[in-house]
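Next up: just one chain, as structure tokens, the form predicted on its own.
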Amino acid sequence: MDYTNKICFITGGGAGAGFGQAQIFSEAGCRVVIADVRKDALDDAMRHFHERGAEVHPILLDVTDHEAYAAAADETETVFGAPPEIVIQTAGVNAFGPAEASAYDDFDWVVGVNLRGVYNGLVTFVPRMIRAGKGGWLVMVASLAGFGPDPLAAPYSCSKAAIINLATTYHEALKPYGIKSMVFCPGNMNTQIHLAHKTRPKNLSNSGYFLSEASVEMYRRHNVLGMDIREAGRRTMKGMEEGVVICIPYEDREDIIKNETRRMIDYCTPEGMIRLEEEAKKGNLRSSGTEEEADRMNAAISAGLGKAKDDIDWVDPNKKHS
């Protein structure tokens, strides 16, 4: 693919995987917009791009605000003269706790950023891209967590599952316009998602989940073992060039899908439910990542990550921080 002078709009572009994608697509010749809710992250990212003379424009953006999204699209056209040909929606947040401890605000915040942020981008950019008549790419970042249940991250898992469905739906819908759709589904990445709580709005601060500096630090130690952000950018680009709709950036991607499909099939029959129960007793449930990553995630859980607050009186005591 020739990326020369292509306009590329990336949410979450100030840090983490979005920043890695911005680097890779900029170096390939794209004119890039990085949109982020964190001004300090944008400032840091722009220092990187200024040093390299890259054609990158920052926009402060809350992806949950569709009016702000429309204004960001207008600004993009003002700066670069046209709508983007590549839209990469990477902005995302996470929060951990037992599903049954989830508060309204936990869902409103996580699903708001992860899912509403994506469909705001689709509703904003797709008409502009169609009118421009140049085709293009829609890339949405989901997660391996979107393929199956996650009892300690229900809002995150369900939002990522919805993004996978959106990407496949838009893949089918936009064929007549030459616009392709892909969903990027990584596992652990070396990003700053452990600091996502710092961007949580005050009006959505009521949570059922325990959070402490110790649990955040242990989550960070888990994350640093994950995929490098520039590698995430390279894998995103590779998925686009391969023309896949679901991009799982690992060699065992088919086994991952087969395992999750097998689980869904088992959920459909009494015999399947018995098989799942037997596998659970044997400890054969799927786990992603390396053994070291699993050890560090277990350490984070021991520090309170994924636990409910002490005052949630309906939750099993074993699931509460003590």
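In case it trips you up, residue 1 is the first one in the sequence shown, and so on. Please read these numbers as outputs of a predicted model, since none were measured by experiment.
The same protein also exists as the form predicted in complex with a small molecule; that form is not shown, yet it is the one meant from here on.
Handout entry: Heavy atom within 4.5 Å of the small molecule in the predicted complex - the one residue of Gly97, Gly92, Pro155, Pro84 that qualifies
Key = Contact residue from the list: Gly92.
Handout entry: Output flag, Ser102, Gly208 and Gly304 jointly within 4.5 Å of the small molecule in the predicted complex, heavy atom basis
Key = No, the candidate spot makes no contact with the small molecule.
Problem - the small molecule in the predicted complex: contacting segment from 50 to 58, 36 to 44, 265 to 273, 251 to 259, heavy atom within 4.5 Å - result: Answer to the contact question: 36 to 44.
Exercise for the section: Flag Val32 as yes or no: does it have a non-hydrogen atom within 4.5 angstroms of any non-hydrogen atom of the small molecule in the predicted complex? Expected result: Val32 lies outside the contact set for the small molecule.
Handout entry: 4.5 angstroms heavy atom contact with the small molecule in the predicted complex for Ser143
Key = Answer yes; at least one heavy atom of Ser143 falls within 4.5 Å of the small molecule in the predicted complex.
Problem - Exercise: Thr168 in contact with the small molecule in the predicted complex, heavy atom 4.5 Å - result: Because no heavy atom of Thr168 falls inside 4.5 Å of the small molecule in the predicted complex, the answer is no.
Problem - Thr76 within 4.5 Å of the small molecule in the predicted complex, heavy atoms - result: No.
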